[in-house]
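The chain below stands alone and is given in structure tokens; this is the form predicted alone.
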């Protein structure tokens, strides 16, 4: 059966955009009602671009310049509580500064969308990419996913709102994108038509939970031991339901725009007969896939899994894919000092995911690309070689190898 994309023109045009500009286009197409801005590198241009679209009359939205990241996030949170589709964002230490408001948005079950331009946490000062800023939210009741291309970034503004605003979910959405490698690099981007987006993304409706004088509701009451357990359980259930909602939303997106995503949770590259795979988040997918091609030319059965969704974690789907492998190498563009086996953050969840399997692949971990340091094709080839050796039974003293470390 032909998709709508094959029979109807759902794409308005193709533009040369960087990742920040692509996100701004997505926010415009989503008809966001309220934007709160306190820009910080490397996501600044998202807000620059949105202000230009509004000033030029191309976009009608309430644009509020906040006095800090904390105020920015509070504005977005409260706008969402009164039924406005709201948007904000930050990076690195700015993300940390607003953490109180970010946690409350989740526990109040409000569904705004924030972009996180991944940036290292100070000190020492650094503008380069690390994933610890966004990953700090992983256990706070947020939807959390990574875009690996600017096209994905635009599309996941739309997908993210559709999932977050679903009445079965109602969770805030964090869309992470690697600073500089994605926020600042330019790509040819297909921009959907407004009509197609309106078909895919219905107006936001908070229903009976909207905060309004005509609808008295209690928001964030002090309940302590009386009701905290029950409220936590409601959030827990929402995150469980999100695993069902996500595939439904991607199917709707594919039906309208064509077969864009074979698997909503992660992408597989040459994994059908692979014996060893690397798993990563974000822009490292580009050198990793090139490394796979080069190793395939040498007859080595390598593959790459690009993990898109980190919360909710795609436990069953990832277990089915990685359980077929002899070796799995995890690329952690983050740090977790003093963690089990001194590994990064992502490896811990993946090892937990694989633990119930009777026959488990050998897992290795790689920490690299911190502070914006490049992860090259050669680095990815080296990671594959180490993982192949581990899968073949070669003894290793440590779970973790630091990649690209200066000697």
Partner chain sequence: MATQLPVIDYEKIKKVHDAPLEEFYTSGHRTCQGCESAMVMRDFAKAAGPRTVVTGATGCMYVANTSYLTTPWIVPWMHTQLGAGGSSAVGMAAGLRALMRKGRIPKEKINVINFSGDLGAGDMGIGGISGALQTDYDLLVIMYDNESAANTDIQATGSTTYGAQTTFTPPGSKHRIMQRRWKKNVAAMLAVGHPTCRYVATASATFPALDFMNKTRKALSIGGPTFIHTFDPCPKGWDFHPRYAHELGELGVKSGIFPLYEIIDGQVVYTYDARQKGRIPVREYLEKQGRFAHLIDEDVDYIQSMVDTMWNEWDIPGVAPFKAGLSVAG
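Residue numbers count along the first chain shown, from 1. Predicted model, so just to flag it, every value in this text is computed and none were measured.
Heads up, the form predicted in complex with the partner chain isn't pictured, but that's what we're talking about next.
When you look in the model of the complex, the only residue of 299, 221, 207, 124 with a non-hydrogen atom within 4.5 Å of the partner chain is 221.
The listed set 173, 154, 75, 307 contains one residue whose heavy atoms approach the partner chain in the model of the complex to within 4.5 Å, identified as 75. By the criterion of a heavy atom within 4.5 Å, residue 61 is counted among the residues contacting the partner chain in the model of the complex. Taking non-hydrogen atoms only, residue 376 never approaches the partner chain to within 4.5 angstroms in the model of the complex.
Contact annotation for residue 70: at least one heavy atom lies within 4.5 Å of the partner chain in the model of the complex. Interface membership of residue 217, defined by any non-hydrogen atom within 4.5 Å of the partner chain in the model of the complex, is confirmed. Of the candidate stretches 277 to 285, 129 to 137, 82 to 90, 239 to 247, only 82 to 90 contains residues with a heavy atom within 4.5 Å of the partner chain in the model of the complex. For the partner-free chain shown, 100, 104, 108, 110 of 94 to 119 come within 4.5 angstroms of the partner chain in the model of the complex, judged by any non-hydrogen atom.
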